[in-house]
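Only one chain is given next, in structure tokens, and it is the form predicted alone.
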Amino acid sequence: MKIRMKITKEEEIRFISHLDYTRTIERAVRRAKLSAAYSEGFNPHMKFSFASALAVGVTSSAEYMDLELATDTELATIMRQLRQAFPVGITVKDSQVMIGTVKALMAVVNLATYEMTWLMSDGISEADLQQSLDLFDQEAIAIYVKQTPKGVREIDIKEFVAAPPVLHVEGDKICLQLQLHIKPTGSVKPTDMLELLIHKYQLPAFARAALIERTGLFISNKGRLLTPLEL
């Protein structure tokens, strides 16, 4: 049987890598004493998968994972055992049993939403922030130059922007909401887009002071958004 879960990556573990996050979950499944299914061969692996890797430093209220079990078990029992086994920083928010043939999460999830928050600096107004975003919106292309271990890579961030960034200001708290495509060829990190907005469009912000949360992962099809649990 296959279980699909919506889980979190919270503030306590925001700086662990995606690889360490997956190892943490694998150990939790073992502690929960569930009958996890394994691949065959000389080096069997637990059968579980995620929709999309999350960047280091970014929290999430909406990660999705599939877990395959070798024997049928009541969903309520599985969730109770997992909730007891997960460490601080990972919470199961929702789950369901997937019936029939199910496409891999990575093959269907194509849109991510993010929320960035930081504090307003003295002398900066909401109009200053909006002006930077308007400049970005008016551009047909927006090239972000990224240094990678393999060299310099130029990325047109506009190809990944699903909707114009939305700005909210409450008191001295600034909130910027993003919708970014996840493509078969790759995706961009919200931190890449924030760096671009700061350095090319003079968005008055300090990237390292921003708290970034992934708020959703979706299947976008002809203007309709579904979560992986709604398939």
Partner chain sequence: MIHLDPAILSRVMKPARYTGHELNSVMKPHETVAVTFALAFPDVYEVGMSYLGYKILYSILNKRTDTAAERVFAPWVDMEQEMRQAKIPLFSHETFTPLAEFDLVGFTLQYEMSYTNILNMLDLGGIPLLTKDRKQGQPFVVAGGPGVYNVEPLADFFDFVIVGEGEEIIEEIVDTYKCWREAGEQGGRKEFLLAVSKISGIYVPSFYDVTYETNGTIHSVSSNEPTAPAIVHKRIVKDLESISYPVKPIVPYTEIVHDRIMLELFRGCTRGCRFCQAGILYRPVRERTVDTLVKIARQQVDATGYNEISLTSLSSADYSKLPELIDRLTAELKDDRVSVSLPSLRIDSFSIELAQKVQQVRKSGLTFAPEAGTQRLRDVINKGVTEENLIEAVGAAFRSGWTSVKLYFMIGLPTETDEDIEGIADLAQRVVKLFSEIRGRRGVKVTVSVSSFVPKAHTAFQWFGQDSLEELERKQHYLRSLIKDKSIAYHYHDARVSVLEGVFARGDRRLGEVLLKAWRAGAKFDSWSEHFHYEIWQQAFIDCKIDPAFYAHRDRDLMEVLPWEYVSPAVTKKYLAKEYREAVAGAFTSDCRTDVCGVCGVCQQLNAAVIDWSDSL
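A quick note: this is a predicted structure, and the numbers were derived from the prediction, not measured. Numbering follows the first chain given and starts at 1.
There is another form of this protein, the form predicted in complex with its partner chain, and it is not shown here; the text below is about that form.
Taken together, 192, 200 and 218 are entirely out of contact with its partner chain in the model of the complex: none brings a heavy atom within 4.5 Å. None of 30 to 38, 162 to 170, 61 to 69, 176 to 184 except one has non-hydrogen atoms within 4.5 angstroms of its partner chain in the model of the complex; the exception is 30 to 38.
With a 4.5 Å cutoff on heavy atoms, residue 53 does not count as touching its partner chain in the model of the complex; it lies far away. Contact between residue 88 and its partner chain in the model of the complex is found at the 4.5 Å heavy atom cutoff. Contacts with its partner chain in the model of the complex, taken as any heavy atom within 4.5 Å, map to no residue of 124 to 159.
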